[in-house]
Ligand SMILES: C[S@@+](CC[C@H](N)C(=O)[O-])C[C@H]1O[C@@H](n2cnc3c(N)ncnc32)[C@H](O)[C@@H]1O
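Let's start with one chain on its own, the form predicted on its own, as structure tokens.
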């Protein structure tokens, strides 16, 4: 939903144009913003060391060093990282989807498609706990709660209990160990459906390790004060837990606080053509608010 996201945060004036991208990732949104609005400066953050390094290279290759200011860090700290001033931003965007390079890098442990270490940390420099730590050290009740809360996994208790039993024989170290265990926790008739049985378990562990939901709920209400009157805040989410938080926070600011207007009561969805071109976009939901003047 690149076109929609970039369009909604168009600068309000020709002076002191400033747009913030909370999730640089591969740089697609940030670079497009810089090209679409040549008078604007784009601020961006990314906590992943690999994404940050690749981002610096891309910015240089695109000749946009004076237009894009990319800094390393979690977007929950973006106010301090970029030393933002209140009412200074024309718009803010965030794409909460996990970057493709995470899923496609076996050494990061995000995907069960490859064998790799059970890491799942976005920020390997500052996040101490890994998915392996959770599986090997947490109690069955704690693991069950993670799977239930962050992925609504219907077999969370069975999976958690089997994890605790299995680790008595050997520690969990790689993605294929976990995939195999979860696969056999599902009833035989449910093992070969459209969605792989391990999908929700991997999602839950990733969200927990990186505090993804906490960061979203903490950051949204903080940033609205830094957006100019008339400026927009646009967020793309990819699963119901994220979208519920965005929906709740945006409606709170619109209905209870009266400081923003909802662009749409329902989330905007990708077009059929975009889904055909990029199957991962099929679950994307875009919500936008505009700060009142």
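Since this is a predicted model, take the numbers as computed values, not measurements. Numbering follows the first chain given and starts at 1.
In what follows, reference is made to the form predicted in complex with this ligand, a form of this protein that is not presented.
> Is the gap between residue 153 and this ligand in the predicted bound form 4.5 Å or less for some heavy atom pair?
Replying inline: Residue 153: no contact with this ligand in the predicted bound form.
> So in the predicted bound form, does residue 130 come within 4.5 Å of this ligand, heavy atom to heavy atom?
Replying inline: Contact check for residue 130: no, nothing within 4.5 Å of this ligand in the predicted bound form.
> Using heavy atoms and a 4.5 Å limit, would one call residue 270 a contact residue for this ligand in the predicted bound form?
Replying inline: No - in the predicted bound form, heavy atoms of residue 270 and this ligand never come within 4.5 Å of each other.
> If you check in the predicted bound form, is residue 17 within 4.5 Å of this ligand, heavy atoms only?
Replying inline: Residue 17: no, not in contact with this ligand in the predicted bound form.
> Considering 122, 118, 163, 89, which brings a non-hydrogen atom within 4.5 Å of this ligand in the predicted bound form?
Replying inline: None of the other options qualify; the answer is 122.
> Ok, 220, 79, 207, 98: which has a heavy atom sitting within 4.5 Å of this ligand in the predicted bound form?
Replying inline: Contact with this ligand in the predicted bound form is made by 98 alone.
> Of 221 to 229, 41 to 49, 61 to 69, 253 to 261, which is the one stretch near this ligand in the predicted bound form, taking non-hydrogen atoms within 4.5 angstroms as near?
Replying inline: Among the listed stretches, the partner-contacting one is 41 to 49.
>> Given a 4.5 Å distance limit between heavy atoms, list every residue of 17 to 43 close to this ligand in the predicted bound form, or none if there are none.
In response: Stretch hits, in order: 22, 23, 24, 25, 26, 27, 28, 29.
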